[in-house]
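Before any questions on binding or motion, here is one chain by itself as structure tokens, the form predicted alone.
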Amino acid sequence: MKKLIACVLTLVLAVSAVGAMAEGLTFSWWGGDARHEATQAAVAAFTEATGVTVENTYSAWSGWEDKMSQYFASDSAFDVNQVNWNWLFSFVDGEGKSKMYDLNQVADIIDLTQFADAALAQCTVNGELLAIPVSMTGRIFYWNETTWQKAGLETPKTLAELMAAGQIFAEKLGDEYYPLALGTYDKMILMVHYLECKYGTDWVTDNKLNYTVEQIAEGVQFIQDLEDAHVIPSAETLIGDGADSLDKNPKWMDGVYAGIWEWDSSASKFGAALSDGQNFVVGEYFTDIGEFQGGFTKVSLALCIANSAADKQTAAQLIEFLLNSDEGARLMNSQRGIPLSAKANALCQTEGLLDPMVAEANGKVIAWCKNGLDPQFEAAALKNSDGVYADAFDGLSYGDYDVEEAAEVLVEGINEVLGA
């Protein structure tokens, strides 16, 4: 009788396990078409290797953060999620408890030794490892070299060359042509880069803004100078283009806008979007801004398991496969940036799988950027389309604010988010 009961229990457990496996996993991410295709291929390989089905949900970035915030807030997030670094600090419950699972609990499945301690530390909050960092990233210039050549210019190596190019573009190519296009958030990051190159101080330290309103006004004036010199289009012009993102803007595709200031891990989609016959190249950091190497690097994106996930062990297996397995590394290569996983990085280098442009840009970013990143820099109240950055820079471009007023909007809004 005992043996019969044991057999029945074993059968019940086996059926339960099959049922759990049949339910499979859910996985979400954002990105461009190349990332979508590579990730789907890697997930399909995981399913083939394990028999675990995975339901994929993915999109472009526009509106994605708001959707994910709602999912996490309602405990209905996907099992495995690609997350932005700042989400680790903002996706919490009313008591400040993270909505993400402590991955130290599945360290027997995910090989954490493949990741540098410093990178893991960026994803550790209150002693809990909330996500696995996929890659490190920073902002750098990229240029459509073909358009610059049409204007009779080499791509700029200094800020002075960039400033002078605006009028040359207008005169030789037409008023609709610009050397550089910047969205609202691009303007904010470039302004901070500019100030850190001048002053060398981190933007924020320990929830304290380290720049005065007068210094920030210098940075705002720099952005205004770019627009006044016909280096960048106005906010009204960009909005009038009617594109959800710059890589989908026909003016970018056709070379009318000839430069971007972008994450090295995300720039490939901009090159892929260009029409035939155009040459997309990595730019240089400008040494004539100041004596410091301003700008920050950050975890470009990471993978987490939601606390609400039913099968956290299998979810961890998916992360391990995508980031550390040979097959996952081959299929994902540099679609999420240069892999941080030592094993994946070594394999990709040995087999020549890294996108040369991504590798070049990432090398320049890591070598140049010396400042730290504030966890609140990308807070929704600051970064969203109706946030503080948009209020200040769109207001400036439309003429609703002068330089000093825009700087005050930034200071007041940032201090409110910082709790200062």
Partner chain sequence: MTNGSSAVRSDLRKKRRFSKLEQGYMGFILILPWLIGFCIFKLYPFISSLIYSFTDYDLFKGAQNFVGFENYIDAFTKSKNVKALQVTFAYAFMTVPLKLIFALFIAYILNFKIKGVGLFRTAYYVPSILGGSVAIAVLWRALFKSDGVINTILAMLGFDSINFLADRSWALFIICLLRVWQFGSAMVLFLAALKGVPEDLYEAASIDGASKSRQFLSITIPIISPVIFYNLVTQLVQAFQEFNGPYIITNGGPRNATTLISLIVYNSAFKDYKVGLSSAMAWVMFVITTIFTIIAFASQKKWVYYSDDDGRG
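Since this is a predicted model, take the numbers as computed values, not measurements. Positions refer to the first chain, counted from 1.
Just so it is clear, the following notes concern the form predicted in complex with its partner chain, a form of the same protein that is not shown.
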Heavy atom within 4.5 Å of its partner chain in the predicted bound form - the one residue of 395, 372, 363, 375 that qualifies: 395
Contact residue in the predicted bound form, chosen from 312, 298, 99, 230 - any heavy atom within 4.5 Å of its partner chain: 99
Interface segment, criterion being heavy atoms within 4.5 Å of its partner chain in the predicted bound form, picked from 45-53, 363-371, 350-358, 382-390: 382-390
Heavy atom of residue 72 within 4.5 Å of its partner chain in the predicted bound form: yes
Partner proximity in the predicted bound form: residue 242 to its partner chain, non-hydrogen atom cutoff 4.5 Å: yes
4.5 angstroms heavy atom contact with its partner chain in the predicted bound form for residue 93: yes
Interface membership of residue 117, its partner chain in the predicted bound form, 4.5 Å heavy atom rule: no
